[in-house]
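Okay, so here's just one chain, in structure tokens, the form predicted alone.
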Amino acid sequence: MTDASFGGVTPDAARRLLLGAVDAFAERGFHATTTRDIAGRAGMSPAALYIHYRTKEELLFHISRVGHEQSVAVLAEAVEQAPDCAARLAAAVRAFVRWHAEHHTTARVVQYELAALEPEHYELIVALRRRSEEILRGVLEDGVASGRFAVDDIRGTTLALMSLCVDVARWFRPEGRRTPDEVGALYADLALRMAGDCGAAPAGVTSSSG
């Protein structure tokens, strides 16, 4: 496992355990994975795991937190750099999908093992997840306000877009026929269609952020 998402985790032993846990959780699921399995993948003894993480659940929480923080940052950066609402939506979806494809193993754990988190940790991760939804919803709202998008149900469309993007982690394989960039471009086009992109806004109609 060489996912650079955890490059900032120190010391090295803690990072190796996170990477071992990502591999194990993605392959076997959280509940079927043992601490011995995680330690073995990290090239360490089971006892060494508890020096850095109190429980298996704490490992999952760290993985979930890093993954969600990075995906939120990817979305926010894409939106900030785009010049108008259509470009923002396309850039946000393209970047979000590309991240889930490039980090598909980590993303599968991040997106599909949430139920195994303890309540306090779960709430923290859900708050980060809501931030991703808020970014996409804000882009749709700006597009509707400017006359660029035709969306009757902004909240429902936001959830549909989120579901499409994160599900890439479930099926993407590096040996497949599409690269992460190609999948991102495809989904960006689909997102604009879902938003009912009407082209340039009518004369006299402006948006405060579009």
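The first residue of the shown sequence is 1; numbering continues from there. The structure displayed is predicted, hence computed values, not measured ones.
Unshown form predicted in complex with the DNA; subsequent notes refer to it.
Proximity of Thr35 to the DNA in the model of the complex: non-hydrogen atoms within 4.5 Å are present. In the model of the complex, at least one heavy atom of His52 sits within 4.5 Å of the DNA.
When contacts are judged by a 4.5 Å heavy atom cut-off, Ala47 counts as touching the DNA in the model of the complex.
Residue contact with the DNA in the model of the complex: Gly43 places a heavy atom within 4.5 Å of it. From the list 53 to 61, 163 to 171, 180 to 188, 137 to 145, the contact stretch for the DNA in the model of the complex under a 4.5 Å heavy atom rule is 53 to 61. Checked against the DNA in the model of the complex, the residues Leu192, Val9, Ala13, Cys198 give one hit for a heavy atom within 4.5 Å, which is Ala13.
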